[in-house]
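In the block that follows, a single chain appears as C-alpha cells, in the form predicted alone.
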C-alpha cells in the first residue's frame, strides 16, 4: 500500500480510478499531459451530459475537485511518461523533466480518445463554410451560455441540420467502427437547441439510429414526440452553399429519391478516434494496439480492464469508443483489479 499506483490520464476514467484507489487508503500518482484535469468533457467544454442532464463543468468538475483535495493523490499535469519497465508489483518509470526513477505497484492507462477531424471529409464543408460546425462546437456554444448561433454573422439559426456518423462507420476513410454515443448525444443536442430556440427547426440525417438500451425512449422518441426533431434516413453527398444558406444534398434512402434542403447551420456529429498518441503510448508501456489503433483490451472473464501486459490495466475510451458513465465504471473496476494485483507477491522487474 506504500507504493503508489500510477494512473495515466485525468479524464472521467482516470478520476474515477484515482478516487476509488484513494478511498481504500492507497496512494496514487495521477499524470496528465494537459494543463488541467477533466479530460474531454472539461477541455472541450461539453454541455449537459447524457443521461444525467448535469452540466459537465459541475459533474466532471466535481470529480476533479474531489481528487485535487485528496492528500493521497499526487497530481502531475503537463507531464508524460518517458520510460516504463518492470513487472506487476515492481514497475519503474520516469516522468518528463525528471531524472529520478519512480516506482508503481500497478498502472492504469486512462488515456482517452481524440475527436475525429472533420477536415478529412471535405465534401461535408467543414473548414470551407464557417457555419458548418461540429457537435463539440455546439456543446461549447451551449456551455458558454452564449447560445447557438451561426459563426459567419452571429445570427440565430432558423433551421439546423445534424449529420450523424461523421468519422464513424466509414470504410472509405478507415473508420469502420461505431462511436457508440454520437446518436444519443446528437438527439440530446437537438432537444437542447429546440428548447433554447423554439422557432428553430432541427433535422437529424442518419444511416441508422443507435440510441442503445434505455436511451431509445428518453432520447430518440422524446426528441421526435416532444421536441419535434425531424429524422431523415439518408446518405449525404455534399454540403454546399447558395451564397446565403448552406445546402445539404443527398438521398432519402427510405423513399429512394434525392433531397436538397437549405440550412442556416450544419452540425457534424464527429466520432471518437484512437488517441493520437496511442502509438507512442503502446511503445512506452509495452502494450499492443487493436487493429483500429485503440489499446488492446484483454478478455474481461479473467480480469476487468486487463491489457496485453500483465499488471497493466486500461479503462475508458483508451480501448475504444465509450460513454462517460461506462468510463467511470471501468475506472472503478480497474482500481479494484489494481488493488487485487498489489496483494500478489512482486515479481522481478523485466
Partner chain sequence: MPILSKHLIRDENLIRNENLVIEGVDVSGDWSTFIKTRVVQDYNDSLQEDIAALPGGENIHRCWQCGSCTNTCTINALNPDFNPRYWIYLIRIGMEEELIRDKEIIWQCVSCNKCTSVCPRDVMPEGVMRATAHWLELKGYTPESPATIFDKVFSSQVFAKGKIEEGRLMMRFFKKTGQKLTQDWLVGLIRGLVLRLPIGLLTRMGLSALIHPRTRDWSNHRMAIAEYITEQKALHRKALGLPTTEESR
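Numbering follows the first chain given and starts at 1. Just so you know, these numbers come straight off a predicted model, no measurement behind them.
What comes next is about the form predicted together with its partner chain, which does not appear here.
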Is residue 212 near its partner chain? Define near as a heavy atom within 4.5 Å, in the predicted complex. no
At 4.5 Å between heavy atoms, is residue 159 in contact with its partner chain in the predicted complex? yes
Is residue 229 part of the interface with its partner chain in the predicted complex - any heavy atom within 4.5 Å? yes
Even though its partner chain is not shown here, does residue 241 get within 4.5 Å of it in the predicted complex, heavy atoms only? no
Among 259, 197, 75, 90, which has at least one heavy atom within 4.5 Å of its partner chain in the predicted complex? 259
Among 83, 277, 252, 98, which has at least one heavy atom within 4.5 Å of its partner chain in the predicted complex? 252
Segment assignment from 108 to 116, 214 to 222, 149 to 157, 125 to 133: heavy atom within 4.5 Å of its partner chain in the predicted complex: 214 to 222
Who in 165 to 202 is close to its partner chain in the predicted complex, meaning a heavy atom within 4.5 Å? 201
